[in-house]
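Take a look at this single chain in structure tokens; it is the form predicted on its own.
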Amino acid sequence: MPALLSIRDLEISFRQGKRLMPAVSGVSFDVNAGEIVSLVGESGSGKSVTALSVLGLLSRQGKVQGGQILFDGKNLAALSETELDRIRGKEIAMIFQDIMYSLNPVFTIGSQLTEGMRRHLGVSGEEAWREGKRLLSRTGIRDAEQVMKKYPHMLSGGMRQRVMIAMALSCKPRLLIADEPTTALDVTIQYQIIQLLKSLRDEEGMAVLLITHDIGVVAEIADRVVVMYAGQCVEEADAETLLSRPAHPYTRALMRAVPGLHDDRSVLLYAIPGRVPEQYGLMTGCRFAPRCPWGENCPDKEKDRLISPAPGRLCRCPRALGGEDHA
């Protein structure tokens, strides 16, 4: 069965003055119906840009330069704004990372929450209002009736995040893109949201593309994981395999940087040396080489291609797949 979402050789650039600077290069991965796929990587690795391109929400400076974004066999990158509007919110919904600017300050929560249901589902205002209250309650908001009557500035950041989650789920989309959906939420509400997403996957067959920095969330919810670095996919595997046996040195470094419950508090947390390069589109060969423990002496640093050592697993480091220990 074809994937619900299939991104193939995606190329995205942003205009800087008169130049187009590459931001995403040759990104390919699938999200199947009823599957939760997590995109992980440091800030600046291209995760959010990739997600925004699916719904045609790049800024004016951004442009899809090549590749395909296939949703149910239809190339979203070739659709007009009018055609995308029929898909946004109904077939594909998104929880945005920047919740402070995601809600309209001049409309009540109820007005914004029910708009999509009235437009896409054709339900009455009264029915949409009841469903809105139910969704708010399901995301952990108490006294949903009163919250529906409030304006965004009257809510805390965590409550606004839960409102955005309820809005994204209101039309029962086939694909949910969640960009850091548990940010600003305490651990109890985080658990509730994770369980909500899992139940929607199980009950409705909804697919989820989850963007997160939280490895704990990945371990709890993801079926497969795609690791991005400097605008490229550097590793992909099922969640259990990747978290227990990471292959790429960047993935291993990410895992080392995760604090453990029983870690010695006198020992400093591991930090990956250096930072994500800014103009990585101009780099040749391995983009992680300047930060890699194998460093400039790596004989494979000029190689830049994904290798599949086993079905369903990809890695952009031949040396790591050879079984060598770099720790």
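For clarity, every value in this text was computed on a predicted model and none was experimentally measured. Heads up: residue numbers just count along the shown sequence, starting at 1.
Although it is not shown, the form predicted in complex with a small molecule is what the next lines describe.
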*Wondering, does residue 45 line up within 4.5 Å of the small molecule in the model of the complex on heavy atoms?*
yes
*Is residue 69 close enough to touch the small molecule in the model of the complex, meaning at least one heavy atom pair within 4.5 Å?*
no
_So in the model of the complex, is the small molecule close enough to residue 29 to count as touching (4.5 Å, heavy atoms)?_
no
*Contact of residue 97 with the small molecule in the model of the complex (heavy atom, 4.5 Å)*: yes
*Tell me, out of 292, 36, 49, 55, which residue has a non-hydrogen atom within 4.5 angstroms of the small molecule in the model of the complex.*
49
*Identify which of 213, 172, 88, 133 has a heavy atom within 4.5 Å of the small molecule in the model of the complex; exactly one of them does.*
213
